[in-house]
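A single chain comes next, written as structure tokens; it is the form predicted on its own.
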Amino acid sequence: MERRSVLKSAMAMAAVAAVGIPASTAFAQEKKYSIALIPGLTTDAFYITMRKGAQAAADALGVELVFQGGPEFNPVVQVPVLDAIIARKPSAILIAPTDTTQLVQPLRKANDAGIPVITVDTFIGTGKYQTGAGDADFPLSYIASDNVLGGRMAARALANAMGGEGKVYVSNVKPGISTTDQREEGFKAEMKEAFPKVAVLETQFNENDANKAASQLQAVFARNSDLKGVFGANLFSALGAGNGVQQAGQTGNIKVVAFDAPGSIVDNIKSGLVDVAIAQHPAEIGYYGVVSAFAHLTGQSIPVSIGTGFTVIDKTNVADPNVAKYIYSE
């Protein structure tokens, strides 16, 4: 379910104020703008929730939202979608790039065509924009969770769940995805700095295949019978790892921390298969993406980076309405 409060029109006033849009400009503008949102993939609950937040902002600001993406998180799939969007000449593009390097030149085409670009959730290059350095600094802003911090939060949650010692590993997608790279980075850094009795084993890359992630969990456990925990750096990694724990007959013995919180993860928390979920706030990302694009289009300056928060969900609070509102839409 989406974050209900983000759908209230009052949030529009707060949002436009946060990026410096005069209310008279925001609600009395004559020109009809179109803002395209290109997600990492269209079927993921995270991006479905992001779309709802973006639509709420579009409705409040009187702009058209165009939502178009591919069925899988893959630059080969995403680039033709981007090219089709560029051909439609929207007023601005919001995009979750599926690769830090392979989307640079395709997005430069949009920039060269005079279409402002804002990245949401993921980034290109280093994610440091408007610096005048490098070939990937042209987007106006990057709006996302602090994924390094999220990885650190996951490490703390996992270490605490397993008593501060033992063997763990990261179940990740593949190298080169900005968000999951940063989550792994933060996780490893926190374990090294704060939990010296936790040994982090080699990362397992599953190519976004939950079945492969489940098989990898069982293989790691076969080599390390004292395995105590696993961090799933994205939805499919976490689901697969949780299923692998169950198939190995180790539910409750191997702790699982998941990044992201669709309904399926929450069900696993209730059943004990997953111990903790780190929920991002994708509705906020979509909402502030549209608001920021609108601000730029109406002559306002916007921050080059906007961070959104996290909510830690476990069995003790999963039924709390103030926490449950951060569960992603299915």
Ligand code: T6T
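Start at 1 with the first residue shown and count on from there. If you're wondering where the values come from, they're calculated on a predicted model, not measured in any experiment.
Although not depicted, the form predicted together with ligand T6T is the subject of the following passage.
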Exercise. Please state whether every one of the three residues 100, 184 and 205 places a non-hydrogen atom within 4.5 angstroms of ligand T6T in the predicted complex.
Key: no
Quiz prompt | Close approach of residue 280 to ligand T6T in the predicted complex, 4.5 Å, heavy atom | solution = yes
Exercise. Verify the contact flag for residue 122: yes if a non-hydrogen atom of it lies within 4.5 Å of a non-hydrogen atom of ligand T6T in the predicted complex, no if not.
Key: yes
Quiz item: Using 4.5 Å between non-hydrogen atoms, is residue 243 touching ligand T6T in the predicted complex?
Solution: no
Practice problem: Answer for residue 275 alone: is it within 4.5 Å of ligand T6T in the predicted complex, judged on heavy atom distances? | Solution: no
Exercise. Counting only non-hydrogen atoms, choose the one of 231-239, 186-194, 211-219, 132-140 that falls within 4.5 Å of ligand T6T in the predicted complex.
Key: 231-239
Quiz item: Taking ligand T6T in the predicted complex, which residues along 250-273 bring a heavy atom to within 4.5 Å of it?
Solution: 260
